[in-house]
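To begin, one chain is listed below as C-alpha cells, in the form predicted alone.
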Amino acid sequence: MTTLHLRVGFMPLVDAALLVAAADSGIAQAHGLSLELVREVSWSNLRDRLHVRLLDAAHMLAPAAIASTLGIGGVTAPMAAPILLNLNGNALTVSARRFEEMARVANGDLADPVVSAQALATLVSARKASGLPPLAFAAVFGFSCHTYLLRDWMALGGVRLGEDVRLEIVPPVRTVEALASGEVDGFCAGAPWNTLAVEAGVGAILHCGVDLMPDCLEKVLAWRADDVERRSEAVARLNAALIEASHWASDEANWPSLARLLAAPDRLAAPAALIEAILRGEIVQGGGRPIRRVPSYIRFDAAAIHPDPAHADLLLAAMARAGQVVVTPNLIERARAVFVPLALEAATG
C-alpha cells in the first residue's frame, strides 16, 4: 500500500483528540497515511488555508463549514464533512469578579441557566444605570456553537448579545489572557481553555455546554467538497483511521495515554493531568465550588462521529436565531450536503 501524506490543520483543543491519536499513536500509519498535523492560531486562518489548499483537511467548527459552503462571512468555499470529530466539550466561563457579583444578586442557584442569565441581566441593568460600559463576552468565532450558546443563554434573562452585551471574537488560545486582562468579562470556548482559566485563578465555569445544548455538534473533519470525490481514497483512509481512533479514545483505559499525547508542546501544550480530568468529565468549576462530574462532557464515541444531514437543520436554526441566515429550502439543501454519511459508510465497509 502506497503511503499518502496529508497535512491536516487543527486548533489546540481537546476535541482535536481523534486527529492527535491517529497521528501520534501509529493508527494513521497502519492505514497507509503519513499524517502531518499543523497547529493553527485562529479559526479564520485555518479555514482560509484549507480554502487555498495549503491544507488537505481541517479540524473545523461545524457552523463554519456551513457558513463557508453558503458563502456567508466573506469566504465562499463549499465544504464536506465525511466524519465528525466530537460532540460537546464547551463551557461558559466568567471572570472571578463577575462570578462574585452574579452570586450576590442571584435569585436562586447559579447552576440553573435561567437564574444565572437573570443575574447577568441584573448586572447589565445596573451598569447601564450607572453609566458604565457594557460587559463584553467572547466567542471563538462568529459562526460557532460558542456564539449560539452565549446568545441562547443570555436570552433566558432577556439579555441581547451584541446589544446589551458586547460580543468579541477571541481565538481559543487567547481566551484566558483576555479574561485575565479584563478585555472580556466572560467567554465560551472548548476545553481545555475554561479549565485553564479556573486553574489560573482568573475565572469560574458557569455552565458546561451540555447544560445548554446537549449533544452539541462541535467539530468536524472538513475537506473542500470537490476533494471528497476527487481524493476518495485519501478520504476513506483518513476516515478509517479516525474511526479506529474513536474506538481507542472512547476506552477509559486509554485516557491517560491520550492525555499525554494531547499535552505535547506541539499539540495543546497543557498539563496531561488537567486534560485527563477533562476526558473523565471531572470539571474544576472555581468560585469556591467542588469538582463537578459531568457525564458526556465531551464525546468521541462511534455515535458521536457519524455525520447526519439533519445536523445541518439544527445548526441553521441556531444561525437563524443569531440573525446570520434566513432559512430557505435551497439553503437547507446546500447545508445538508456538507454532511455526507455515505463516505463514512464506505470507509467502514
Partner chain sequence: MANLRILIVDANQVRATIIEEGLREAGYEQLIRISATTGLVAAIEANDPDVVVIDLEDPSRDALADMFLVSRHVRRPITMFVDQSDSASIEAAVEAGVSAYIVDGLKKERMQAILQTCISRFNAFRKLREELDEARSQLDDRKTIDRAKGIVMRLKGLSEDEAYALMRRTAMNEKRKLVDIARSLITAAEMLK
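Positions refer to the first chain, counted from 1. Nothing here was measured: the structure is a model prediction, and the numbers come from that model.
Keep in mind that the form predicted in complex with the partner chain is not shown, yet the notes after this line are about it.
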Candidate stretches 159 to 167, 275 to 283, 237 to 245, 260 to 268, one within 4.5 Å of the partner chain in the model of the complex by heavy atom: 159 to 167
Residue contact check: residue 127 to the partner chain in the model of the complex, 4.5 Å heavy atom: no
Residue contact check: residue 142 to the partner chain in the model of the complex, 4.5 Å heavy atom: yes
Touches the partner chain in the model of the complex: residue 74 (any heavy atom, 4.5 Å): yes
Contact test in the model of the complex: residue 231 vs the partner chain, heavy atoms, 4.5 Å: no
Candidate from 41, 310, 30, 320 lying within 4.5 Å of the partner chain in the model of the complex - any heavy atom: 41
Check all three, 82, 330 and 336, heavy atom within 4.5 Å of the partner chain in the model of the complex: no
In the model of the complex: members of 47 to 62 within 4.5 Å of the partner chain, any heavy atom: 47, 48, 49, 51, 52, 54
